[in-house]
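The form predicted on its own is given below as one chain in structure tokens.
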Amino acid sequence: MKSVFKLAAAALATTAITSTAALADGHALSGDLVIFSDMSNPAPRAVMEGMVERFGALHPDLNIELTVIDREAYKTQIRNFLTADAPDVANWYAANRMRPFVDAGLFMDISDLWAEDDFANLESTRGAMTLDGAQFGVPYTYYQWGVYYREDIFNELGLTEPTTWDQEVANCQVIVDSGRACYAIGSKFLWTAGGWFDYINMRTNGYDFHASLLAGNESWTSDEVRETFANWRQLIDMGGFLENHQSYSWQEALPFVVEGEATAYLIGNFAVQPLREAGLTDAQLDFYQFPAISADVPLAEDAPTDTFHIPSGAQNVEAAKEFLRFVVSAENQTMINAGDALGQLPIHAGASVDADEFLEQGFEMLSSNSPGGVAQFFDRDAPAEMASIAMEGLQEFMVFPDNLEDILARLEDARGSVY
């Protein structure tokens, strides 16, 4: 499904004093700006159309043509339109998901934008937008991962939020001794196990090693990877995880947290609303950043990030770059990520978030306490074929940890063929 939204210059020529200011500052743009977007669901579509209208008001001599394509269809069409008849701006995703288009020369190097002063406010995602030392897009929204936990149960057991791995393990032992699982997880669809690997590997070996491993440049049988699994096994061997988690989806594991049979869940912020809807109050539910394992390893986070790019075949590069500057501005990111819009997090450190406990905590963490960088998540950072094989192995490890050597050998074989 595709629809086209055209913004005629005349319709907005009289709007906003800001347009006059833009012209006075020498930023007048003209010609056509063609934008392709996958923001097809109702709320994201309204956000996209609103951005186009506001940008058009700033540049009344510019004719903007926005084409919105169904998100799943977009994934199959993007290579074709980037190759045959490229727009000036296109939506996509960060990190390894953009690599095929970077390697094919289909996304423009925009490192010059990232050298501008305001882009320092996007520093938390610079690594996710960087390939081979250059930047190839800009971020407009993301959301945090972390440990969502039953604060009332912590209070009952006399526990505090851990900041180190030793504290995490000690807390888990107290929780297990109380007859509960430390962590809910539903690994039937595999990706939740990928989240656990992401965090333990990034905390053990750092973001750079983790990214290099998922890019195929490190061995799955290395000492570094073995150390990650050894740390993970500490929690498995003490019975820290929900039993039979391989039988549950992530949603099907939520009731164990609601009923107090499991105390915490390593998950994305999208889990908060269903937990609230199931009856947990904000007085019962809280959040903490996954604790440090190696003290000398800077904290990195999973924060799946959506992006805009300038195709190499863009015709109006000047207007495209100005649109990207507009997209990443603090004012715009505050507006589009509000609760009545995307309901997610702005990346710009100078933006603000809605008065929601978990969004505020996530924004503070990602803006101020993720010096190690921002990963996109296991199945975004690794090629699809490798991610599928590897996540099967990760789930198997959680159920049968003694199979580790066989699992690592399989993943190393897959690395040799997939990449």
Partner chain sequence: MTDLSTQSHSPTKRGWYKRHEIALTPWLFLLPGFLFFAVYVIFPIAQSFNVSLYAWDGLDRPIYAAVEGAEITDAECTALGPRARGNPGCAETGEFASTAEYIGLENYQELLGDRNFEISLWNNLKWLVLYLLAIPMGLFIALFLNQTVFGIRLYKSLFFFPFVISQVVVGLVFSWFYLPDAGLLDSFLQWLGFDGLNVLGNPDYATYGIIAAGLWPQTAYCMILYLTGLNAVDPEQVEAARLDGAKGWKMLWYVIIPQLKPATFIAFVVTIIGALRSFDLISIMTNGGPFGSTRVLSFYMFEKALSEYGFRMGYGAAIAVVLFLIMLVFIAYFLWSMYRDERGY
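By rigid core we mean the largest C-alpha set that fits within 1.5 Å across both forms. Quick caveat: nothing in here was measured; it's all calculated off a predicted structure. Numbering follows the first chain given and starts at 1.
Form predicted in complex with the partner chain: not shown, discussed below.
Residue among 324, 272, 82, 181 with a heavy atom within 4.5 Å of the partner chain in the predicted bound form:
Only one option qualifies, and that one is 82.
Ok, 75, 276, 126, 226: which has a heavy atom sitting within 4.5 Å of the partner chain in the predicted bound form?
It is 75 that has a heavy atom within 4.5 Å of the partner.
Can you check 210-218, 284-292, 232-240, 108-116 and let me know which stretch has heavy atoms within 4.5 Å of the partner chain in the predicted bound form?
Stretch with heavy atoms near the partner: 108-116.
With a 4.5 Å heavy atom cut-off, would you call residue 103 a contact of the partner chain in the predicted bound form?
Residue 103: yes, in contact with the partner chain in the predicted bound form.
Please run the contact check for residue 174 against the partner chain in the predicted bound form: heavy atoms, 4.5 angstroms, yes or no?
Answer no; every heavy atom of residue 174 is more than 4.5 Å from the partner chain in the predicted bound form.
Residue 339 near the partner chain in the predicted bound form, any heavy atom under 4.5 Å?
Answer no; every heavy atom of residue 339 is more than 4.5 Å from the partner chain in the predicted bound form.
Residue contact check: residue 247 to the partner chain in the predicted bound form, 4.5 Å heavy atom:
Because a heavy atom of residue 247 falls inside 4.5 Å of the partner chain in the predicted bound form, the answer is yes.
Hey, which residues along 280-312 are within 4.5 angstroms of the partner chain in the predicted bound form, non-hydrogen atoms only?
Only 312 sits within 4.5 Å of the partner.
Superposing on the rigid core, do we see a C-alpha displacement of 2 Å or more at residue 276 between the shown form and the other one?
Residue 276: C-alpha displaced by less than 2 Å between the shown form and the other one.
With both forms fit on the core, is the shift of the CA atom of residue 109 between the shown form and the other one 2 Å or larger?
Indeed, residue 109 is displaced by 2 Å or more.
Is the CA-CA spacing of residue 188 and residue 72 tighter or wider in the predicted bound form than here, given a 3 Å or more change?
Nearer in the predicted bound form, by 3 Å or more.
Pairwise C-alpha change, residue 112 versus residue 368, in the predicted bound form against this form - closer or farther, 3 angstroms or more:
More distant in the predicted bound form, by 3 Å or more.
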